[in-house]
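Given next are two forms of a protein chain, the same chain in both, each as structure tokens and marked structure 1 or structure 2.
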Structure 1
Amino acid sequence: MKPLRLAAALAALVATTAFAQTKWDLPAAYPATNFHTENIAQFAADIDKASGGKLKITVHPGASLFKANEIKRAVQGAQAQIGEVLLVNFANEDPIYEADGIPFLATGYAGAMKLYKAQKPFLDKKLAAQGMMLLYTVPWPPQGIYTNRDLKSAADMKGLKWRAYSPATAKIAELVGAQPVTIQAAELPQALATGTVDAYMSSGSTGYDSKTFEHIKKWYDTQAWLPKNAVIVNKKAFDALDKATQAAVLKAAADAEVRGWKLSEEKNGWYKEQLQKNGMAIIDPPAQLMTDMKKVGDTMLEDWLKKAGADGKALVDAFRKM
């Protein structure tokens, strides 16, 4: 080797040993402009900075790397080291993941935070058993009903072609006599355009992202529950980081959680304004509709408690004491 090339090769070797850079992929299921994804981008930037460039996280929004319901398994199997999941999607693995998908168990941001505190020890335990770690969660804004129908009671929902995003939202459809079709958020605009679905429950955020106002003109603001996204990491990938980088990740996660909960609440109003500006009526649900939907919630809580056993009871008891 020529002396110059040898010197360059040596310099490169020194650089890589002194500065081992780790690259992680972070699949996410929602658009780059959604507040969850923007928060994740900030989280990744914070880690880059705090680790002095040692850990680079590439965010893949819009379910471009994995579909929404595939992300958790991808992180578990380390096809992706870190990822964002919607917890309620994994209800069939363990009811613990579904606690924040039960209508009217916890409402409002304060209620959702209490439920999170009650749920977190169980989430930590379950994810640890699956070789993963919970880094942080952020709630979606409160869930309401998109439909063109004039709803006076739940009976008016019979036969709706209902887009579900989780087992719990499919269950709601069953209980009100609608027909559930599971469709991830990234495919919702197309499902609305083709008429595959004509109703669903979700936040103002997803109504805005999917331009639901182009097809549906009413949103009943039932504020029924606030499901959470969680950023989870493969435990082996985390353990492979040096201590300082691990600390940088945990600090950035704690900051992202505080920032995300605040963002969600602040943007809830903004999303509703945007829906209205685009011709959608935001409707205070009539009393009978609320009574009926609360009954749906009661039924689902009863079923959930049966499935979730002692852990479920402990979770709900802890929540109700807060």
Structure 2
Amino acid sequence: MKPLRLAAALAALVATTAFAQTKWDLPAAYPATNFHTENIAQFAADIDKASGGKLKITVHPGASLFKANEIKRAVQGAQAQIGEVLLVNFANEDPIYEADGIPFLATGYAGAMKLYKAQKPFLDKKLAAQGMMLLYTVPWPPQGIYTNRDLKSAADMKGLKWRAYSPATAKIAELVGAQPVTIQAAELPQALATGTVDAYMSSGSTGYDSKTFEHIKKWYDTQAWLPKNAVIVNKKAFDALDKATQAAVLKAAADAEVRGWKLSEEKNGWYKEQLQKNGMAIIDPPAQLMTDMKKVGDTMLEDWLKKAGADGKALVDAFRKM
């Protein structure tokens, strides 16, 4: 009988342990090898360790659980407890989500961090109203201009077949006299090969991943904006955790944010090196081109402020005081 009693006791222990363990799903839109996803995997591992296995987070990369534009709603509706989103994708919900997509409002990593600090209270308020909370953000590398043309000013961009992948990038084309063509990332190599587009604005990572260097030989490092990914959590799911596990989540999130911003900056340098190794010139933009492009940014900021109202003005004022 003793072995049976022992087996029963072990079974009861396993059942109790399983009952005490909480499992979360974390959908992410980018491949497992992307630095954002690698950072998330470390975040999940840190929580597992710090909580003593009480909270297990399964990361679902490459939009395998939900598509990129479905993740926020999935977290809000508790179909997934936690998820990663690109904030600018939700500009149609509220202009606050789009603040880091305004060209030349914040350039470079130091400027992007200041903008994040100004934007965060508004993000916290908006997400709280939707039953969620922000855990951390990580920026993409800065955005530059890919083209084979010599650009001395914005006038040299007139007539370019310009890849647009968002309302903002289409608006830039309109303001510089280029022809916007809607092309998503997966379609970009084919579009470049066929001449459907011959210029676009994005980060070094896009140029490397899409092998743009096979068709375009110049990248103007304008550092126009640094859009951020955010990891958000369903507030009820978070509140259901015990205090120690909540603390573990918040500590892991703070660590992931610091690590992710550093990773992004390191990757930016690495991507530029790879572009150069593959025959692309990395060019510091001429002064007149930057002056002209900043005017484009000013126009887009004015449009954004009209949409964003008092919150938008308060956000920009806070940013400019930093």
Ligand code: PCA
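Quantities reported herein were computed from a predicted structural model and do not represent experimental measurements. Here the rigid core means the biggest group of C-alpha atoms that line up within 1.5 Å when the two forms are laid on top of each other. Counting starts at 1 and follows the sequence of structure 1.
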Inset, instruction - Give me a 1 or a 2 for the form predicted on its own. - result: 2
Legend entry - Large Cα shift (2 Å or above) at Ala32 between structures 1 and 2, core-fitted: no
Inset, instruction - Spell out whether the Cα of Gly177 moves at least 2 Å between structures 1 and 2 when the two forms are superposed on their rigid core. - result: yes
Inset, instruction - With both forms fitted on the core, give yes or no for whether the Cα of Pro189 moves by 2 angstroms or more between structures 1 and 2. - result: yes
Legend entry - Shift in Å of the C-alpha at Ser166 between structures 1 and 2 after core superposition: 3.8
